[in-house]
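Just the one chain here, the form predicted alone, laid out as structure tokens.
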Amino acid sequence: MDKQLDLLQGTLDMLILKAVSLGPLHGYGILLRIQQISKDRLEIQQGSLYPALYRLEHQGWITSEWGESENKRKAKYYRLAAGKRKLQTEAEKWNRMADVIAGILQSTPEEV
């Protein structure tokens, strides 16, 4: 089995919101945080991340400000704004869907 899992469509926003809910991060830091908390099972590509960050900021769920990264470079730092409620809602929907799918996968011929 592959070490990394494919990211299901629609989950990237939720994962970004979760990552920045743990503290302000620059873009690359968000990639690393998701990789870290997934125990290296998820790896987000930069080509997917930055459009998602733009979308989340445009929707007002995250905010950004320029700062200096650990290696003394200019970096845009993102933090959770109105996205706290959105994260909670999306996590609840995700958990409900996971329960439904788990139930389907555990069904037996006798139950049908």
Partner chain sequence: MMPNFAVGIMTLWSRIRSWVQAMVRRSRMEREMDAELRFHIEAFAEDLVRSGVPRGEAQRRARIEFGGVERAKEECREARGIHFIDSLLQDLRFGVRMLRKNLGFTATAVLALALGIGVNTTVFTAFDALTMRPRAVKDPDRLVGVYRTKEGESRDALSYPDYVYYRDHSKTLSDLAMFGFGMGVTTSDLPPSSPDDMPRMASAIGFHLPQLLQGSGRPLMCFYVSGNYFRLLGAHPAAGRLFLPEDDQPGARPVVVLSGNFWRSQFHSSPNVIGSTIHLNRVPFTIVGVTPVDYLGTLPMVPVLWAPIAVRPILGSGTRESLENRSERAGIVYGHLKAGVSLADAEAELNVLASQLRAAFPEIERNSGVSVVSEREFAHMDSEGWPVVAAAMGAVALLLLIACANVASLLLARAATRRREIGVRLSLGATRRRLLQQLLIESSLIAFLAGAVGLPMASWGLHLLVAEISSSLPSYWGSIALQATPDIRIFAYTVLISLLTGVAFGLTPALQSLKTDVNSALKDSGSMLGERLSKSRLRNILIVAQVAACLVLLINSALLLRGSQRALRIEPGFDSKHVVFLELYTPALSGYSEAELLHLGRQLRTELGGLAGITSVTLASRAPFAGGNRFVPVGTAKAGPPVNDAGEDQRPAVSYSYVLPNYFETLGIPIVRGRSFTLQEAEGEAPVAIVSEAMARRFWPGQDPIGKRLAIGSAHGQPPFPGETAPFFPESEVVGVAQDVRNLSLSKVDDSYLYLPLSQSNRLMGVILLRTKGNTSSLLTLLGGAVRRVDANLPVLAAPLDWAVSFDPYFVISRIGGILSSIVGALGLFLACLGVYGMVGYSVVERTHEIGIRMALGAQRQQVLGLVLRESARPMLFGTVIGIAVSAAIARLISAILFGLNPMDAISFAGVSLLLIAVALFAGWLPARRAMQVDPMVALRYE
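Numbering follows the first chain given and starts at 1. Computed from a predicted model, the values in this text were never measured in an experiment.
Omitted from view is the form predicted in complex with its partner chain, to which the following refers.
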{"query": "Its partner chain in the predicted complex reached by all of 31, 55 and 82, non-hydrogen atom within 4.5 Å", "finding": "yes"}
{"query": "In the predicted complex, residue 36 touching its partner chain (heavy atom, 4.5 Å)", "finding": "no"}
{"query": "Contact label in the predicted complex: residue 75 to its partner chain, heavy atom within 4.5 Å", "finding": "yes"}
{"query": "Residues in 58-72 close to its partner chain in the predicted complex, defined by a heavy atom within 4.5 Å, in order", "finding": "58, 59, 60, 61, 66, 69, 71"}
